[in-house]
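Next up: just one chain, as structure tokens, the form predicted on its own.
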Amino acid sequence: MSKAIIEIKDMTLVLGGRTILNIPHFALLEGQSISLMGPNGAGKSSLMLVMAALLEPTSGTVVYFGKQAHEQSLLNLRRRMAMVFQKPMMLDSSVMENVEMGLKFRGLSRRARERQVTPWLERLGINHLVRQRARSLSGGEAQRVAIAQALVLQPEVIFLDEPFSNLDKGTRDEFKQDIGSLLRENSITTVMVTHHIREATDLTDIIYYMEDGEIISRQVTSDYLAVDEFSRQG
């Protein structure tokens, strides 16, 4: 049985006097890919931010890799995870400089950075863009750069916040297929927020439906690691 990467117990998030999240129990297993779906305001992005250690819950506990957040360095914890936002955030510099930025912060030499970055650029089909200014890229190209930024860090968990929503249908379909293959080939634990059922069913093993800050149901889309702690609780 795969171990839990992130486990949530009796967690609430209250902002401005309003309960944004109420999650009695939930666990993300190693190697699993899941989607969070639901209407606007359901709490999908808030739950993702809590899971990514970017938002502190009001009450309850969140256990990361077997330890509670306060028992480990927040910086080290975040280094084990990566997030790709809906709109890529690019520095006004080359594609290569954008992709290697995180590795530079970690103190890797130029040669080591290039050795780690180049395979991902090739795998994502953007190696020919390395010298181009990142802010001049098309939407699809920029999102590929954002994915490369995340994957070069070799995260144990990747969070995707509506990664295809700003792309046209043709670009979205091609990108979705490439990213799905890449994540599965590398067995990267994945959490994705999306409004599109086809994206969820094509890319993830389980879909969790949210409403009013709660997980109300789940749908298994593949047999791969389709066992979770939420189902055991319910």
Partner chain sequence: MELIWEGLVKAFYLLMALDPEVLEVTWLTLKVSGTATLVSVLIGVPLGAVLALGRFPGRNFLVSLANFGMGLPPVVVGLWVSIFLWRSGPFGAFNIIYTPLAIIIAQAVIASPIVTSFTLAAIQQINPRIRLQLLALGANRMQMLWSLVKEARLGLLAAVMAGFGGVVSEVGASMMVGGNIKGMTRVLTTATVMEVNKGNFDVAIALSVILLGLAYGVTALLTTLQQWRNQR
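Predicted model, so just to flag it, every value in this text is computed and none were measured. Positions refer to the first chain, counted from 1. C-alpha atoms forming the largest set that superposes within 1.5 Å between two forms make up the rigid core.
Below, we turn to the form predicted in complex with the partner chain, even though it does not appear here.
Distance criterion of 4.5 Å from any heavy atom to the partner chain in the model of the complex singles out L49 from the list I207, V63, L29, L49. Residues M83, L91 and R135 are all found to lie within 4.5 Å of the partner chain in the model of the complex, as judged by heavy atom distances. When contacts are judged by a 4.5 Å heavy atom cut-off, R123 does not count as touching the partner chain in the model of the complex. Although the partner is absent here, L153 sits close enough that one of its heavy atoms falls within 4.5 Å of the partner chain in the model of the complex. None of the heavy atoms of Q143 is located within 4.5 Å of the partner chain in the model of the complex. Taking the partner from elsewhere, M101 is found to have a heavy atom lying within 4.5 Å of the partner chain in the model of the complex. Per the 4.5 Å heavy atom criterion, the partner chain in the model of the complex is contacted by stretch 49-57, the sole one of 199-207, 49-57, 184-192, 30-38. Although the partner chain is not shown here, in the model of the complex the stretch 56-83 places heavy atoms of L75, R78, R79, M81, M83 within 4.5 Å of it, in sequence order. Remark: with the core as the superposition reference, the CA shift of E71 between the shown form and the other one stays below 2 Å. Here E114 does not count as shifted, since its C-alpha moves by less than 2 Å between the shown form and the other one after the core is aligned.
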